[in-house]
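Quick heads-up: it's one chain on its own, the form predicted alone, in structure tokens.
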Amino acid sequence: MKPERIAALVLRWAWLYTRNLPEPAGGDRVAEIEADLHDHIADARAAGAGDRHIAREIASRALRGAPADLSWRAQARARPTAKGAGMHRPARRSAVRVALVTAGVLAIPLTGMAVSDEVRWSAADFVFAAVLLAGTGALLELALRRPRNLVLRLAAVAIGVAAVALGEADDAPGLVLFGLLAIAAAVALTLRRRVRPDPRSG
């Protein structure tokens, strides 16, 4: 697995979530990420890291950074115009739903650690899982609220595929299951959009 190949996928993701943003914000963001990827690969190779290891590092960084990318896009879009307070209510409800689901899922391994010595999660494991769950949940919430936006559903599928690949590489069935669920949710949203078209289009 070549790190340049993973870096190209990360750049495609950057082009997707900066799409239709006012310049120079989008172009600057992509250029910044491209330079960071180049430096990451060069520094890791200089330190003696193998291509497979570098590729996994880049994929992991992209997964963990996806929520921040979406948050950055939301802020970039909000800068030109100020919206009323009423517009933020759906976002608050979505945030509450995502937080509740994330807390509920993380409560499972936490309970397992309390009743069994076979379940062993570190603080870093909980942080990584929380970021992954909350980020994907926020992405799916946005896709649900914007059914015509194909980019959001594709992003959810991309995160799911990356999670499955990382889970297979690290022998982590939970990560594989999460990736499959993310893909299934994105597909379900697509089918929902086809079965229930926007009434305004009629």
Partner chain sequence: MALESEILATALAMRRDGEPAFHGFALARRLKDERGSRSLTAHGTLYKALGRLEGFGLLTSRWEDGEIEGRPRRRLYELSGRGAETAERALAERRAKPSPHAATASRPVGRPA
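Numbering follows the first chain given and starts at 1. Owing to the predicted nature of the structure, the values given are computational and were not obtained by experimental measurement.
The protein also exists as the form predicted in complex with the partner chain; that form is not presented, and the subsequent description refers to it.
4.5 Å heavy atom contact, Asp36 and the partner chain in the predicted complex: Asp36 belongs to the contact set for the partner chain.
Heavy atom of Glu141 within 4.5 Å of the partner chain in the predicted complex: Flag for Glu141 set to no.
In the predicted complex, Ala55 touching the partner chain (heavy atom, 4.5 Å): So Ala55 does not count as contacting the partner chain.
is_contact(Phe128, the partner chain) in the predicted complex, heavy atom dist at most 4.5 Å: So Phe128 does not count as contacting the partner chain.
Within 4.5 Å of the partner chain in the predicted complex: residues from 6-34 (heavy atom criterion): Those in contact are Val10, Asp28, Arg29, Ala31, Glu32, Ile33, Glu34.
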